[in-house]
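A lone chain, given as structure tokens: the form predicted on its own.
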């Protein structure tokens, strides 16, 4: 082989070629050795997987009551953050015996009592320094806030059937609130609350109705959340709070609704209803809209008809009754005007006429209708009329544009018909003239 290489490279001696091969081989061996050393170094520097005799033992048990926690913990947010059983329960996760793992001298705590659960979770979640290591965005006042809730207040009295941390977040399979499988993910919150609040037997001892979840599922809020997948739609905790869960009181319910419906709340505060509702201790929003079963608002709720909520307080002849009828009348007038204008513009468009500009300008009328429906919370017919009047003017302008477009179309059709008749008349004259010339030519040919 050396001879062959030497023949192919006659200028290189055999010994020199051998030296070159040895150098190349040495470099290759060095690269391989470096790669192996790098891999070993990475394994050496990588943090060792924390041993947990708790999980190793419990996951093998046949009793599902004891093995389930270890299996659930696979998807727990605490495990994802590097925590393990001993971080909550104490003990020695490195021990190889049950007694060693559950050594009280190592701080072992078994299943906590219901009364102790908030403080049990609060060991970490109320420690600002500790939470900064894992999730600085989490609040550290949840435990304190919990004791301001109805749940927390009852727990302090010794009542153990109330919700605690684990009632809502579960125990060993706690997921991030952003996880769709989490029990506190927005679309799952109502169902989580219903585990207690939808049970008539369970709630009977507290004197609380158990139909909230059933009513909520029929509400406009639930339809937005479940059907439209709008995660910003209100669910239980948006109105009642999270850890400080407390039903809004008569004086605060409007503030709760007003966090989303700000304009309506602002108008109500300056309306004649404000003083009347305060005097009679009416819940400002729920008096007309209910609380859990909040139906989609409709124009039928306004006015003096059978389905109007106004007549639950107002009777024929009083100022409120007259104002409700006036506001409903003006809104109905605008609706009818918008419908009529939209219909004629649509007809003109289908007929091939250019009406894009007047259709766009109709937005002023539809915006006025939306604004008027909000302004009814002021309970002022004059305020409603201020926006209805320009809306009617814009709608009337659109209607006139539609009439003009259809009139132009009719004019064009008539002009086209006249043109066609004239063209046919001329064609007939030409045809007759041609026939006359042909006849003369034939007569001349016969006379010759």
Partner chain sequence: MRIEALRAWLDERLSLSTVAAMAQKKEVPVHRHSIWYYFGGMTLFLFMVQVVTGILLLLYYRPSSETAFESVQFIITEVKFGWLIRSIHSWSANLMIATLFIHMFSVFFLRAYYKPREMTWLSGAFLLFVAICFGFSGYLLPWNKLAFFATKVGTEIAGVIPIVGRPMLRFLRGGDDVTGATLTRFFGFHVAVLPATATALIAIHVLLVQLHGMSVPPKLIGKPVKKMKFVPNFLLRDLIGWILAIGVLAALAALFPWELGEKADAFAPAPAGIKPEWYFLFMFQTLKLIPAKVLGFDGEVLGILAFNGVALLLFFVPFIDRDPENLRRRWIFNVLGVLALIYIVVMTVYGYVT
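Please read these numbers as outputs of a predicted model, since none were measured by experiment. Positions refer to the first chain, counted from 1.
There is another form of this protein, the form predicted in complex with its partner chain, and it is not shown here; the text below is about that form.
Only one of 83-91, 356-364, 240-248, 96-104 lies within 4.5 Å of its partner chain in the model of the complex by heavy atoms, and it is 356-364. Only one of the listed residues (220, 231, 351, 270) places a non-hydrogen atom within 4.5 angstroms of its partner chain in the model of the complex, and that residue is 351. A single residue from the set 389, 403, 382, 416 has any heavy atom within 4.5 angstroms of its partner chain in the model of the complex; that residue is 416.
In the model of the complex, residue 440 stays away from its partner chain, with no heavy atom inside 4.5 Å. Its partner chain is not shown here, but in the model of the complex it comes within 4.5 Å of a heavy atom of residue 412.
In the model of the complex, its partner chain sits within 4.5 Å of a heavy atom belonging to residue 408. Though the partner is left out of this view, residue 420 does reach within 4.5 Å of its partner chain in the model of the complex, counting heavy atoms only.
Shown without its partner, the chain has 423, 424, 426, 427, 430, 431, 433, 434, 435, 437, 438 in segment 422-438 as residues with a non-hydrogen atom within 4.5 angstroms of its partner chain in the model of the complex.
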